[in-house]
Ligand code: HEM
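The form predicted on its own is given below as one chain in structure tokens.
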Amino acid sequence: MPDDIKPANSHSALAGIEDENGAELKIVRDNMPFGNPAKGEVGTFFIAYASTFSTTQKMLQRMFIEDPPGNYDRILDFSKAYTGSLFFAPSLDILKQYSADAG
């Protein structure tokens, strides 16, 4: 859907983020469905990878905290986030720096 007609509260409009210069901030996304329909337990495990936490933080703020004000991600009308975690994986340069500092 072209950006000029896409609803401002659509998931794709809010999950696509840019820096202050209008450059797209890259995030790799992966989804895995899960569930036991007999128990009514179904959903999606969502995993995202970004080079900085600020990229993920900005995406989550736009989706959940109504940034811009009054505009939350409409996908939340149909789904609910139950939990979340954040992990840090250091780059090789950081690991080399710490190993050199320790030696």
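In case it trips you up, residue 1 is the first one in the sequence shown, and so on. Keep in mind it's a predicted model, so treat the numbers as computed, not measured.
Same protein, other form: the form predicted together with the named molecule, not shown, and the subject of what follows.
Contact annotation for Asp19: none of its heavy atoms lies within 4.5 Å of the named molecule in the predicted complex. Of the heavy atoms in Ala50, none are within 4.5 Å of the named molecule in the predicted complex. Heavy atoms of Phe46 reach within 4.5 Å of the named molecule in the predicted complex, making it an interface residue. Within this chain, Ser91 is remote from the site of the named molecule in the predicted complex, having no heavy atom within 4.5 Å.
The candidate site formed by Ala8, Ile65 and Asn71 is entirely out of contact with the named molecule in the predicted complex, as no residue has a non-hydrogen atom within 4.5 angstroms of it. Residues Thr56, Met59, Leu60, Met63, Ile75, Ser79 of 51-81 are found to place at least one heavy atom within 4.5 Å of the named molecule in the predicted complex.
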